[in-house]
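The chain below stands alone and is given as structure tokens, in the form predicted on its own.
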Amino acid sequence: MEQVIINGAILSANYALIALGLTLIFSIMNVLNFAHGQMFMIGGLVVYWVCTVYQMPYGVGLAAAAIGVGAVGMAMERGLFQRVMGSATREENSMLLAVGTAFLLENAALYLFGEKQRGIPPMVQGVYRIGSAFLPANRLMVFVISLLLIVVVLSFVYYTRTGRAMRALAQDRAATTLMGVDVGRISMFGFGLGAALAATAGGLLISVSGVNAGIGTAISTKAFIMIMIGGAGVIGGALLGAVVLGFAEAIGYALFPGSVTYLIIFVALIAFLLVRPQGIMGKPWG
């Protein structure tokens, strides 16, 4: 049982970074970013490239992933999504654009890096024993960094001027515009922040499980499961969804074969959505 709790806590912390980024983009832009998993994948590959090819410290690789992918996210928002949302009359157009962007990024990564699984050695060595459970020091490092980043992002969103503008934009775009907020700049920054969080999560996990060019779709699927559980566009819901999925995975992998675990999760998710389609903390749409 101790091992399940430890595994669930580590998965939850890392998943929370992914879900937090996706829900920030959705709440600010009202865009379901289907390319979110590809941001995770690119972040992991950037860390791999910086640490193995250029032999630079892991911290430099993480910073390069967050800044580089964050910049890509801002460029996508300004050059693609803002342009399409300004001219299109149907919301589906932005979702189709996100799907196309995901395909583009995934195929670009396949061309540049191939299908091979990429990973880097653990940054710290050793294993801690907690009761009957074992905790590798590298996974503890990933857990601590993930928690610190979550606290920093939440503090930014709730206690800074830009963060308050992001929350206001998520609640009422028209009223926020009338208050003189530069909506375009805040949207671009929010999209970049969400992309940077996904990239950081990928950069953290590459030292644990590695990444490959095709992992983005699976990560996007997990991200959408989390916001469906917690509630779309709700920060607290994203964190709650991450905890639920992280512990569901940990318990499932301890009791069932790997493929059965996600079969059970999907069946439970459909049953849950039939009862509460807006998620645990979301409000009914319409």
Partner chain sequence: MKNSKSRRTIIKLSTYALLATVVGIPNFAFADGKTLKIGQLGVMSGAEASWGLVNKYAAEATAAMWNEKGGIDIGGEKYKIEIVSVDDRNDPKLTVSGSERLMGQEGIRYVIGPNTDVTATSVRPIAEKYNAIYFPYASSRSLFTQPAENAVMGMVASYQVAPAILELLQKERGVKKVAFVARNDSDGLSNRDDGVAAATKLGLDVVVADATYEPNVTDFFPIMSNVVDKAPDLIFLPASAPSNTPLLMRAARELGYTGLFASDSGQDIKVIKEMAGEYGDGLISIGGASTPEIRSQYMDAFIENYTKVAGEWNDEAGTKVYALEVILAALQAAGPAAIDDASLFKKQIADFSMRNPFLKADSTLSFTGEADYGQKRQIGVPLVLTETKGGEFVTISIGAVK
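Numbering follows the first chain given and starts at 1. For clarity, every value in this text was computed on a predicted model and none was experimentally measured.
From this point on, the text means the form predicted together with its partner chain, which you will not see here.
Q: For the chain shown here without its partner, which stretch in 146-154, 110-118, 183-191, 162-170 has non-hydrogen atoms within 4.5 angstroms of its partner chain in the predicted bound form?
A: It is 110-118 that comes within 4.5 Å of the partner.
Q: Report the residue, out of 215, 196, 76, 98, that has at least one non-hydrogen atom within 4.5 angstroms of its partner chain in the predicted bound form.
A: By the 4.5 Å heavy-atom cutoff, the listed residue in contact is 215.
Q: Though only this chain appears here, would residue 11 touch its partner chain in the predicted bound form if you measure heavy atom gaps against 4.5 Å?
A: Output for residue 11 is yes: heavy atoms within 4.5 Å of its partner chain.
Q: Would you classify residue 254 as touching its partner chain in the predicted bound form, given a 4.5 Å non-hydrogen atom cut-off?
A: Residue-level check for residue 254: yes, a contact with its partner chain.
Q: Are any of the heavy atoms in residue 94 no more than 4.5 Å from a heavy atom of its partner chain in the predicted bound form?
A: Flag for residue 94 set to no.
Q: Can you check whether residue 262 is within 4.5 Å of its partner chain in the predicted bound form, heavy atom basis?
A: Taking the distances in the predicted bound form, the answer for residue 262 is yes, it comes within 4.5 Å of its partner chain.
Q: Using a 4.5 Å cut-off on any heavy atom, which residues of 127-144 would contact its partner chain in the predicted bound form?
A: Read in sequence order, the residues that approach its partner chain (within 4.5 Å, in the predicted bound form) are 127, 134, 136, 138, 139.
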